[in-house]
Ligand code: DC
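The chain below stands alone, shown as structure tokens; this is the form predicted alone.
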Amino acid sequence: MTLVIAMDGPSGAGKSSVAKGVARVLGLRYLDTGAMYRAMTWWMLREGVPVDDPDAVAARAGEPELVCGTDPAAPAITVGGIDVSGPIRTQEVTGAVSAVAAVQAVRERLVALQRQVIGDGGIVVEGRDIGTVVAPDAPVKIYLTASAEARAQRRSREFTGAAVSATQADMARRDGLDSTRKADPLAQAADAVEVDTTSLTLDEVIAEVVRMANDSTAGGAGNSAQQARSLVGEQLGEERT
């Protein structure tokens, strides 16, 4: 249960679905760090803080009380006791989150909270700086990616329902901001394994990560790919029936 799986990658690569699936199969906790930055952004917008003013955001970054659940079957996040799981997925929050996440004071506070949640391990953590900043010593590091078209289609279906072309343009904007910011930019850790999810099913990606996790905990003698796929099929198949 000391295992930490760090999963990074751009928007729409499948991090949330894969991370939750892996956590359920392996009986681990789950942490969505992106939801924490969205929750902070939601609070700033509600309070009328100008999110394009880094000093104004930094001055109030310590105020909101954030609590992030770790149940992969029902992850939840609250701000001041208010469940914001739905509100943080709006276009308004999506358009502002990169600016808020670039503020050093915000990152310092949320990284500290994330490390508290991680504790002694037994968790799958997904975000954009997990393998490089939040948990650089994690024994399993995954960098999920996919083609720009595939990522835009997934994100459009999942959250916005907007035209794929518009979603792709917005994702490119966010990825550009997140990968070039001074504070903890989006980057692939040198020892992370890149997994391209473009042509893979969700269960296939989950099985590959499960295989790597089992291989890590078994000291290089973990499950085969076929065994991992069978395990995923059994675990997730039971949940879907």
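Just so it is clear, the model here is predicted, and its values are computed rather than measured. Residue numbers here begin at 1 and follow the sequence given.
Unshown form predicted in complex with the ligand; subsequent notes refer to it.
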The one option of Gln168, Ser85, Ser98, Thr145 with any heavy atom within 4.5 Å of the ligand in the predicted complex is Ser98
Within 4.5 Å of the ligand in the predicted complex by heavy atoms, the stretch out of 129-137, 115-123, 73-81, 145-153 is 129-137
Check your understanding: How about Arg107: is it within 4.5 Å of the ligand in the predicted complex, going by heavy atoms?
Key -> yes
Exercise. Does any heavy atom of Gly34 come within 4.5 Å of a heavy atom of the ligand in the predicted complex?
Worked result: yes
Using a 4.5 angstroms cut-off on non-hydrogen atoms, would Arg211 count as touching the ligand in the predicted complex?
no
*Examine Arg89 and determine whether its closest non-hydrogen atom to the ligand in the predicted complex is within 4.5 angstroms.*
yes
Next item on the list: Could you tell me if all three of Lys20, Arg29 and Lys141 have a heavy atom no more than 4.5 Å from the ligand in the predicted complex?
Entry: no
